[in-house]
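Below are two forms of the same protein chain, given as structure tokens: structure 1, then structure 2.
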Structure 1
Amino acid sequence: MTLRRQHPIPLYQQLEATLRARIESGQYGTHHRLPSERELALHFGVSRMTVRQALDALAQAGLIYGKVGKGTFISEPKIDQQLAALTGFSEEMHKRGQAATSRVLKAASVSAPKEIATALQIDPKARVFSLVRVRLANGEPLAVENGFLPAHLCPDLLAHDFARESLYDVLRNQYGWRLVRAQQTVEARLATPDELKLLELKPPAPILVMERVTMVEQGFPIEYVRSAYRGDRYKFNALLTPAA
């Protein structure tokens, strides 16, 4: 594609659109190394500043990433997760042909903090299982999950190895709970220092924070979870219909 100097759209935006089209069409594959700034400037007949502006815009969109001393590379496509279906992390990754694993940071029985007890509709200071995990797909950390479950609904839950087992599979298969719906909110913010370290991100890094209360068939909640997803790897998708 030839950039048009007399066009009202700035040259760097034209270059950004050209490179974006090549990335999204698959012409540049995942982790493919892009030509250098100098090579792109010569190829398109623009300044290196113009190239740098285009690359900065692509990096902010999560389409490319840089490695110091090695160059600029094409990012993994974002995981497009549907909000209409009640699924867990393991199930979502398996649907995409990726190996889901976890690194367990905490697995303990604790007294429910007031806000957790309210969300789970249990007495304050009732026992809950606290399960904190880094969730990985093909070895790449994608999310940090901090979950709470009422201990009386799933006794001996912590006997399971949640570095490898799916929590939702255990709830369904061992305890017989049928998960039927969830109330969920999503908001964006910058990652905390701990999240940066756990998710292997460089500051400033956007994350998507999800809070979910999962209900069973009998009409009461069995899980409250707060998750931080990598903003450069995730997007959430919802189908909206007109109000009646």
Structure 2
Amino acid sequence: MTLRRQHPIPLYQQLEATLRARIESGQYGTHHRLPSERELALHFGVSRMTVRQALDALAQAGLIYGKVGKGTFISEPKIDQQLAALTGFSEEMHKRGQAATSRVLKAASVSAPKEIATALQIDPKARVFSLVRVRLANGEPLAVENGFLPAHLCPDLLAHDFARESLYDVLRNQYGWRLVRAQQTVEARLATPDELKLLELKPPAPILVMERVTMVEQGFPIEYVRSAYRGDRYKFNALLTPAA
């Protein structure tokens, strides 16, 4: 395997991908020692700093760790992928191997309620799109999702059919927003009468309530969403890392 210069993908990312593939294929065993940085540099014909850029990224991702004087070693594999890592419902269900569909209950442009405006850091009564959907996994209702997006960040959003399309896909690909962070809270409570009906439950039913504020690269919010998941069918999953 050699790297290609004059290629749109930088060398260190090519190297990172190459090493990541080797690691994830199990070619190196757990706690196996990688070739030294100087050997890798020589072998791939790049400078040692470029090798380090690749290794730093892999260490950041938790795949390897280094010890001065000893070498760089493979970490033990993660139990699980980051199922809920900044993905929307559609992507998450796809990763879980389930078919995601939607029933749109509301798709409208409204004036932002006070608490929504606060969460989205916009002026009260600014225009926001309100999107209410029942989310189904394999045809069964799993959650009621209530989302708000500032209208000026995604004009003509409602032209899309969100019974079929993924909201995050549209934000990323149609509007070019880079979603880089989300502040999320999760709590447990009993289902309200509305939720009982929409989710086809009988009382007393535990509900997992998720609130999420999604931020773009520039640091301002682009979406506030509050979802009510069936407690008996859904488990929220996160990979925690040390505080920044």
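What you see is a predicted model; the values in this text were computed from it and never measured. What we label the rigid core is the largest C-alpha set whose atoms superpose within 1.5 Å from one form to the other. FYI, numbering is relative to structure 1, first residue = 1.
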Which number belongs to the form predicted on its own, 1 or 2? 1
After the core is matched up, is the C-alpha of residue 178 off by 2 Å or more between the two structures? no
Is residue 11 displaced by at least 2 Å at its C-alpha between the two structures when the rigid core is overlaid? yes
With both forms fit on the core, is the shift of the CA atom of residue 187 between the two structures 2 Å or larger? no
